[in-house]
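First, one chain by itself: the form predicted on its own, in structure tokens.
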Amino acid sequence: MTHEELKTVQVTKSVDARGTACPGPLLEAKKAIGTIKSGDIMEVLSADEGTKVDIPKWCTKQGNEYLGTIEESGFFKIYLKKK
């Protein structure tokens, strides 16, 4: 997805993991993915730089779709779609 598309995507679940360091954001995402349905979109908020790499790798391993990342002031918004 493009940056503009990500800004307007309909998010089903938002996980705010900005107060945690690696592997906290990934663990929070793992817990939250079980609470949404297939086809739903989840947003993970993280200030940890490693999350930009960890979430896409995890999506690939789990068969979910990594949609993209938006960098905000001091944190990242990482989007994925549950398959």
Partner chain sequence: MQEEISNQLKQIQEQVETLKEKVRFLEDSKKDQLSIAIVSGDMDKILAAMVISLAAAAMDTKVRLFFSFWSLSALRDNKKKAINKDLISRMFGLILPKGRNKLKLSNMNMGGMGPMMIKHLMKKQCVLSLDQMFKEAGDLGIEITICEMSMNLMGFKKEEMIDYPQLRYAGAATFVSEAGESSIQLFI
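This structure is a prediction, so every number in the text was calculated from the model and none was measured. Positions refer to the first chain, counted from 1.
Although not depicted, the form predicted in complex with its partner chain is the subject of the following passage.
Residue contact check for residue 70: none of its heavy atoms lie within 4.5 Å of its partner chain in the predicted complex.
Shown alone here, residue 20 lies within 4.5 Å of its partner chain in the predicted complex, counting heavy atoms only.
Under a 4.5 angstroms non-hydrogen atom cutoff, its partner chain in the predicted complex has residue 31 among its neighbouring residues. Looking at residue 57, you'd find a heavy atom of it within 4.5 angstroms of its partner chain in the predicted complex.
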